[in-house]
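A single chain comes next, written as structure tokens; it is the form predicted on its own.
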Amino acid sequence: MSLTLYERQAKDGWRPSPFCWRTRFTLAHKGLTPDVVAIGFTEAERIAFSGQGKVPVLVDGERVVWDSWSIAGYLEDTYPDQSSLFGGNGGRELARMLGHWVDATLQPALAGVLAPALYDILDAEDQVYYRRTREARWGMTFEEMRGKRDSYLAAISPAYEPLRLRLAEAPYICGEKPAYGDYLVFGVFQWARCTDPQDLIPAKDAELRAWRSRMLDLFGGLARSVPAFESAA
């Protein structure tokens, strides 16, 4: 078996992609250790073989799978004897819904703060590409976004409320043990940890912070193995 994972890298080994972190944890959950190939924003030609230009991309022998959700489903179906990511079809469907919430609500809530911060940890060539594409997406410059930082920060807390409620009930989003739903959410917080020096989980959110710490310790401290800001430890 030969597994290779292509994932995003900023300068000096920083790994800021929430989608790639979902896949890193998915593989670890299945007990699989891939060879990791890190690529910058301007190196899409290195994954042209996948038929598109986004990461993560997983190569499993002759099989190529891209998109974090598709990779999770592929690994669940291809390696059924390893620990389940979803706990059955019902759990898979609930994870899909949670993924939509993360992508439509949680991640956008943090993006106003993190998009300009990510620019600062890219090398010069990637900065040019990233500024052009992300400023077009947001309809404003990074400087304008930085000027709105306080309002973006104020909008984050309401997005945490479902997580507060759930983590008051169980140590992990998926219950007594972590599963794919936890990896979906944690990817966003690892993105923040690898991007912005300010801890975006307030001190008052003790249960959310404790969950993040447990996630950081999983799989031999996998998420702690890359450069990150210590304020969000």
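In case it trips you up, residue 1 is the first one in the sequence shown, and so on. What you see is a predicted model, and the numbers here were worked out from it, not measured in a lab.
Another form, the form predicted together with another copy of the chain, is not on view; read the next lines as being about it.
Stretch 86 to 94 is the contacting one of 119 to 127, 145 to 153, 73 to 81, 86 to 94, since its residues have non-hydrogen atoms within 4.5 Å of another copy of the chain in the model of the complex. Shown alone here, residue 136 lies farther than 4.5 Å from another copy of the chain in the model of the complex, counting heavy atoms only. Another copy of the chain is not drawn, but in the model of the complex it has no heavy atom within 4.5 Å of residue 35. Another copy of the chain is not shown here, and in the model of the complex it never comes within 4.5 Å of any heavy atom of residue 111. The closest non-hydrogen atom of residue 173 lies within 4.5 Å of another copy of the chain in the model of the complex. Of all the residues from 155 to 182, those having a non-hydrogen atom no more than 4.5 Å from another copy of the chain in the model of the complex are 161, 162, 163, 165, 166, 169, 173, 174, 175.
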